[in-house]
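What follows is a single chain, given as structure tokens, in the form predicted on its own.
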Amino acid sequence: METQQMPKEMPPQHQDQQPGIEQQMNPRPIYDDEQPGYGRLKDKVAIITGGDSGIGRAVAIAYAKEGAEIVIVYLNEHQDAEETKKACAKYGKQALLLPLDVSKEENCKRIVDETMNSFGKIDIVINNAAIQFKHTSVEDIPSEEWEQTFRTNIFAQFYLTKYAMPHLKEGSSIINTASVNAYKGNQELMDYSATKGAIVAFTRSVAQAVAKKGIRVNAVAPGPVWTPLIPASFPDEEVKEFGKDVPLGRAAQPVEIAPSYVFLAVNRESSYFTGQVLHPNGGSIVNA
């Protein structure tokens, strides 16, 4: 997808629910470049949380192109999930849809059980689901909201990794979605940024713990990306300006982030990567 086709400004818009509905976005995010894959993930089974829309949808489609079997976990965005399933089917893969709240431990165990029942193995785990809420003062963050953000963004990554681990083997890959905010902080997304910092440390720690098993654990820390979380988190006028503060002057489209997840999943290309973080962030410099 040529960069000149990527919109540099979005119309003002807002949604009143988390993590947002892609069907309601204007313009719709770009999640497929319509190019064929190369079979680099043939016979692999991938679990993708938050796979109904945004980055998760783009990764699901990219993996389907590469020959993987796809398990899409999402909260309650059924129409978005069905659209993602249809997009995967275009490339010959019938995705398994699991509408479950990943903030609950028992649901993460169920994700693993359902995947094993359907496909008999797990090769790739993409911990991607997240929520975020805007507050300009730490005093204004409700304790319940703080806890829910942590349960969704980082507890879920622990739960799913914990239950998937017994089924992973040498060559398996875990990829966690962090954020540029883990490195820069964000004065309006304090709880979200804190969870993303935790994800970086979790990634580095688990990578060391399972390296001898031949299991690789990495993360992707995107900058601003046009996903349903954006209109679901910010008021109209902030959405219009979203992403303009990075050197490239615009937010990314999900299709531009997905190749990082493909690279980290393909052993032939990233076999010496573990405990690392890729930074598709539009030019923001992070020194960590």
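No experiment lies behind these values; they were computed from the predicted model shown. One-based numbering along the sequence shown.
One more form of this protein should be noted, the form predicted in complex with a small molecule, which is absent from this view; the next part is about it.
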Taking any heavy atom pair closer than or equal to 4.5 Å as contact, tell me whether residue 193 reaches the small molecule in the model of the complex. no
With heavy atoms only and a cut-off of 4.5 Å, decide whether residue 161 touches the small molecule in the model of the complex. no
Contact of residue 230 with the small molecule in the model of the complex (heavy atom, 4.5 Å): yes
Any of the heavy atoms of residue 186 lying within 4.5 Å of the small molecule in the model of the complex? no
Counting only non-hydrogen atoms, which stretch in 86-94, 102-110, 207-215, 167-175 is within 4.5 Å of the small molecule in the model of the complex? 102-110
Checked 71, 129, 122, 154 for heavy atoms within 4.5 Å of the small molecule in the model of the complex; positive is 129
In this chain shown alone, the residue from 203, 149, 115, 179 with a heavy atom within 4.5 Å of the small molecule in the model of the complex is 179
